[in-house]
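Coming up is one lone chain in structure tokens, specifically the form predicted alone.
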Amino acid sequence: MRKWRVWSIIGVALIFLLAGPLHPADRPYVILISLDGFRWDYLQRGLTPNLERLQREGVSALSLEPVFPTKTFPNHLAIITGMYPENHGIIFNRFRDPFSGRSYSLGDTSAVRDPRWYWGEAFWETAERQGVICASYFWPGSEMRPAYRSPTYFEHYEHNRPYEVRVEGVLKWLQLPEAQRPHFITLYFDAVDSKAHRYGTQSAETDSAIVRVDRMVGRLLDGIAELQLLDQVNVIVVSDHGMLDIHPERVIYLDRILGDTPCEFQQRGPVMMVQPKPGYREEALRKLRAAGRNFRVFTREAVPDYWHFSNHPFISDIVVVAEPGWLLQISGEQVRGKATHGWDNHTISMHGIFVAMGPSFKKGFKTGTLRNIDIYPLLCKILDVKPRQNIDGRLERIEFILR
């Protein structure tokens, strides 16, 4: 009996030991790469041998569903916080606080570093609090101040910094002494989004950008192999949204529809927010709904539940969403570029990619569409980090891709 008790105690101790937090030396590494605007079907163009390697040797999703609106900053924050924009705070690339009059813009260095705009907790914040060193070679929100809201290592965004320099920067972090080495790293490339905006999704320029970012993925994999870390590093490649070609004749001018009804407008393109002056809301709604062809009109309270775009106080009283391929504009403003994004996140052309390879992932595994808000809990699972409890992402929708 005494011997049985001794072995029982040892067994329980082993269970707690095995279930406890990972020792830093046993914790894997994760590199999360964002290819801005890389539409789900670009992988089918035969231009991406390195991403195809990830597909063969790891996990590949049919597509990655973004959040609404399908814009760059809202989706990068959704990926890294596991929250919808109405909860993480960044509802558009550019928007205004109607109470203070302050504005947020992705091109405003002061604004993007101001923590007042970021209501969600980024994964690097969660992880660093639990002893996991993190790094970011560009990611929206990674430059926040105070310092405890940023990764241990990060680079201030520089749009024209050579892609090779970015890859080398990540590899240098992986060569730091083990006690100083980050176990989570982000990396960002804009080329595919930039070229498609300017030249269209079917252009030679966009194809060249696809080839370029694929080569950077290959360069990174080669560098990891040279460091003999391939069996320890998980590489996850995602995109924030897709892209759709536009046409100058498919433009709806909301100010012409509203006429002399006094309103303020925010955003242009696939989505526009309209804030009528006090006392004019019903009049504005009546005019917009009467003219509603190729666009839909919602009060903030009645925005469809599946968009999760009602609860943020900076959202205007009226939200207008164009049908895919149509744009909402104000008279006198020129439509720029040949493609854009921002429409309903259930539109397949707005979907991005998810491919991943490494010791934590199944091999040669294909799955259907994944949701980008589920990446945060996935990162927590891989790196043995306890997630925040107020997130929208759900581990049970994505953990089946892990070994």
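Residues carry their position along the shown sequence, with the first being 1. Quantities reported herein were computed from a predicted structural model and do not represent experimental measurements.
What follows is about the form predicted in complex with a small molecule, which we do not show.
Put simply, residue 219 is far from the small molecule in the predicted bound form: not one heavy atom of it is within 4.5 Å. In the predicted bound form, the small molecule lies farther than 4.5 Å from every heavy atom of residue 214. By the criterion of a heavy atom within 4.5 Å, residue 36 is counted among the residues contacting the small molecule in the predicted bound form. The small molecule is not shown here, but in the predicted bound form it comes within 4.5 Å of a heavy atom of residue 106. Residue in contact with the small molecule in the predicted bound form (any heavy atom within 4.5 Å), chosen from 261, 194, 87, 266: 194. This chain lacks the partner; the member of 317, 190, 207, 128 within 4.5 angstroms of the small molecule in the predicted bound form by a non-hydrogen atom is 190.
Only one listed stretch (306 to 314, 274 to 282, 176 to 184, 135 to 143) carries heavy atoms within 4.5 Å of the small molecule in the predicted bound form, and that stretch is 135 to 143.
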